[in-house]
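Take a look at this one chain, the form predicted on its own, written out in structure tokens.
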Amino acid sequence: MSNLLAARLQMAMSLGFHIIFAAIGIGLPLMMCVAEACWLRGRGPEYRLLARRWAKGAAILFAIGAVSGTVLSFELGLLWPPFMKFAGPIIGVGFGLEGFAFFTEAIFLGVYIYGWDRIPAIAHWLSGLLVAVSGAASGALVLSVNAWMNTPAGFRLLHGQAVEIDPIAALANPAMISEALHMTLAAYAATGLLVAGVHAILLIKDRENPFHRAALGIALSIGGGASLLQPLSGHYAAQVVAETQGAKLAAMEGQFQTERRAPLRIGGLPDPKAETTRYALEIPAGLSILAYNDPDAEVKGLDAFPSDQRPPVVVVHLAFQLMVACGMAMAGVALWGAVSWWRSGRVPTSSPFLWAAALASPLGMIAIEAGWTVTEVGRQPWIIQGVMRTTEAVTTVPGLWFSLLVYTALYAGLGVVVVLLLLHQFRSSPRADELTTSAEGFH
């Protein structure tokens, strides 16, 4: 196994594992705060219990996410030393601020968990809000680094060296806002619908349980709302990609030829040898409108780029289609829930809806993994777009296969631990007849 293949496999596994916990670390604290706010405003005691349960879940997942994130930072130096040497002075500010946000999140999560009934209620709620805000900020700052890899800014390249470095301009690179917005909404949508699905399954067995009804309502409000907003952020992100990463957009859409009134393809299978995408449903001029708000706009195809600068079109196109399909299904469930809620004034608990919510629960995480594949594979062969190729950034240290085995074992172990801990949380979920009207009885 070559160093390049081993390094790619290890990074793909590490990022694919960590991104799930990063997304939940953004979404779950907000749900926790909303639940406590409902209780503070005089809603039922089940909201207090819900906030405490979600806080425990957030703590478990935060711990796993912290471990996997720390490992990931080591891997960057281990696997890609030329990249870190070049990029470190430019994007170090983003990593530094992310560390500050991470520690803020950790400190106030501790205050929130151990502060129940020990500090004033409003201070306790504010500590939870700081967890939610710092978690989202941490994610946005990490994404600013990834966005810089896609649209490098804040330096001038002179004889292969970065000069006139401006870390703030690097932080505020052209793709920063679109990536941060799209991923943050994805985190809320994925976490909300994941949690909604879990409580929908439990409601099927215990239909009138107020604990699960409250949980389903909050999870659908956050996850469903984000799912309905996500197409708008996706449209904005696609326009930024069209302006800054033409090869990636062409691969996403299976667009081989440069043309005006380029069609938007739904499904399909790219054939790189024949330079065409087969079996797709094509919407005339749809891609030109999506990318430039103009049906007559010209969209660059892969033929506009040298063959050694084109990303793997099959992987990128299929991952993009999968992400969009999952997103549309999630938006459909969210719209169904919103209409039912508006018509009845209650959290929808019909069997068809609960089963739909349960089936939709993993789609958000699948969409995040697919979207991350589009972002990373779609940038290839570059690790820094137009500046450094991935082949130039990989370490020359031999024996990376051993590192791959060790890290694979580590992530497998962490995965087993988190599944066991979460199963224990689900099994201890209260039944309707166990709930009392006294909030003091809930722990």
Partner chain sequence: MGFLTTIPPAEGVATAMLMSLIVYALLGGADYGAGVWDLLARGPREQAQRDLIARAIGPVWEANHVWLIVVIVLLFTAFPAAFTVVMTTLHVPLSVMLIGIVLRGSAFTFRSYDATELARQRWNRVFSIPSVVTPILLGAVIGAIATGEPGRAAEAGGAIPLFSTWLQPFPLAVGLFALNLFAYLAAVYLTSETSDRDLQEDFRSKALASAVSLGLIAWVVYLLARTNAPLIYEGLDRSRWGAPLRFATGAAAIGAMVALVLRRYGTARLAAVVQAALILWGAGMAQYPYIVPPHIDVAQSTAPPIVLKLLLIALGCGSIILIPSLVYLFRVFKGHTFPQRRRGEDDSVTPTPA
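Since the structure is predicted, the reported quantities are computational estimates derived from the model, not experimental observations. Numbering follows the first chain given and starts at 1.
Quick note: we don't show the form predicted together with its partner chain, though the next part is all about it.
- 92 is the sole member of 332, 92, 272, 295 with a non-hydrogen atom within 4.5 Å of its partner chain in the predicted bound form.
- Checked against its partner chain in the predicted bound form, the residues 210, 231, 312, 88 give one hit for a heavy atom within 4.5 Å, which is 88.
- Heavy atoms of residue 34 never reach within 4.5 Å of its partner chain in the predicted bound form, leaving it off the interface.
- With a 4.5 Å cutoff on heavy atoms, residue 115 counts as touching its partner chain in the predicted bound form.
- Although the partner is absent from this view, residue 42 stays clear of its partner chain in the predicted bound form, with no non-hydrogen atom inside 4.5 angstroms.
- Mapping the unseen interface onto this chain, residue 412 falls outside it, with no heavy atom inside 4.5 Å of its partner chain in the predicted bound form.
- Screening 191-199, 243-251, 213-221, 79-87 for residues having heavy atoms within 4.5 Å of its partner chain in the predicted bound form returns a single hit, 79-87.
- Contacts of stretch 55-70 with its partner chain in the predicted bound form, defined by any heavy atom lying within 4.5 Å, are made by 56, 59, 60, 62, 63, 64, 66, 67, 70, listed in sequence order.
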